[in-house]
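Consider the single chain below, provided in C-alpha cells and representing the form predicted alone.
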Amino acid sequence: MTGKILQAQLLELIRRTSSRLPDDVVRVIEKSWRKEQKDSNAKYALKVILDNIAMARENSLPLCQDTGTIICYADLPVWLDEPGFRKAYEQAVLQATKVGYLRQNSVDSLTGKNSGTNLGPGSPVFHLQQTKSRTLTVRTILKGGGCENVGAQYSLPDARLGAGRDLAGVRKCILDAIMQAQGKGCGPGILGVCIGSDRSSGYVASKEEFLRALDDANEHPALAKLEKQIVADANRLGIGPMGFGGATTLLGCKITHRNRLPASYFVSISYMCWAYRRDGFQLSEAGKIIRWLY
C-alpha cells in the first residue's frame, strides 16, 4: 500500500468522524428525546441536536464548529512503521482542514497564533503501538474544548465530599463532577472514568473509555453496576440537556481501573459532549477497508 492510498483512507476516516455520529450514540439520544416532556426545553434541545446530526451526516459537514482535539489510536501491523503512519495521518489532517472537515483549531500556547493546519507540537495526539497483526487498526476521537474544560480529577480520601477509598467514594466524586459541570460542556454528556493509576496516565485511560460502545457491558461486575447507577443518579439531578432541566443529563458512563501506588488513589474523569465523535476501521495491507468499527 502506498502512502497516498493510506492517506486517502485516513482522510475518509476523519470525514466520517467529524460528520456522523455512530449508531449507538444516535439511538441513545433518540431514546432520551422520547422520554423528555412534551414542549419542554429539554425536548426542544434534543430535537435540535437530532436535526444537527441528520444535516451533518447528509452534507458531510462537521457536527460542531469546535472540531476538537484530534486523538488517534492505532495498532500498527508489521508492514507499517510509526514514522510512515504519522506522516500519512498528518497529511490527512492537513487535507481534512483544507476541505473543511476540520476547523483550523490548533493554537500555539505561547503566541496564540493559529497554525491554520491543525498540525503542531502535540497536535494531533497519537497513541500508537506495534502489533504482530497483518491488519492496521485505527480509531479517531474528536474531543471538543468545552467538554474538555469540565473534566475533573480527585485524590481520595476527599474530606469535602466525605469520599473514601472505595467505590462509594468514587461515586461521590463522579456525581460531584457532574454537579460542577451544571450543563456546561454541551450536555447531555458521556463520562470516561479511570480509578487508580497516576495523574497523567489516569486521564489517558479515562479517554480510552470513549472507544467503548454506549450499549456495551463492563466486564467487571462491580464497575458494570456502578456505570448504570451513575447514569441513573445523574439523570435524576434535573440538570438536563445544556443545563435547561430535564431527565437527560448523561447518555452514558464508562469506567475502568488501573493499579495505583499505596499512597495515591486518583479518580480521573473525562467528559464528552453529546457530539460523541469517534470512528475507526481495519485496513488490509493492500489498502482496502476490511470493516468499520462503529
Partner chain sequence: MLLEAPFTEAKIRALKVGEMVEITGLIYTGRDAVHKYLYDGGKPPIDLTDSIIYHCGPVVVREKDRWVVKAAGPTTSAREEPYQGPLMERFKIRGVIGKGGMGPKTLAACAKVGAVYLHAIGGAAQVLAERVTAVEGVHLFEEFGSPEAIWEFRVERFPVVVTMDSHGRSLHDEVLRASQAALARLG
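Keep in mind that this is a model prediction, so the values were computed, not measured. Numbering follows the first chain given and starts at 1.
Beyond what is shown, the protein has a form predicted together with the partner chain; the following relates to that form.
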Practice task
Could you spot which one of 103, 127, 165, 87 gets a heavy atom to within 4.5 Å of the partner chain in the model of the complex?
Solution key: 103
Completion exercise
Assert contact residue (the partner chain, in the model of the complex, non-hydrogen atom within 4.5 Å, options 26, 242, 247, 226) equals 242
Exercise for the section: Counting only non-hydrogen atoms, choose the one of 135-143, 170-178, 195-203, 214-222 that falls within 4.5 Å of the partner chain in the model of the complex. Expected result: 170-178
Practice task
Considering only heavy atoms, tell me if residue 207 and the partner chain come within 4.5 Å of each other in the model of the complex.
Solution key: no
Exercise for the section: Classify residue 236 as contacting or not contacting the partner chain in the model of the complex by the rule of any non-hydrogen atom within 4.5 angstroms, answering yes or no. Expected result: yes
Exercise for the section: Please check if residue 41 has a heavy atom lying within 4.5 Å of any heavy atom of the partner chain in the model of the complex. Expected result: yes
Exercise for the section: Indicate whether residue 65 is a 4.5 Å heavy atom neighbour of the partner chain in the model of the complex. Expected result: yes
Problem - Contacts with the partner chain in the model of the complex, stretch 44-59 (heavy atom within 4.5 Å) - result: 44, 45, 48, 49, 51, 52, 55, 56
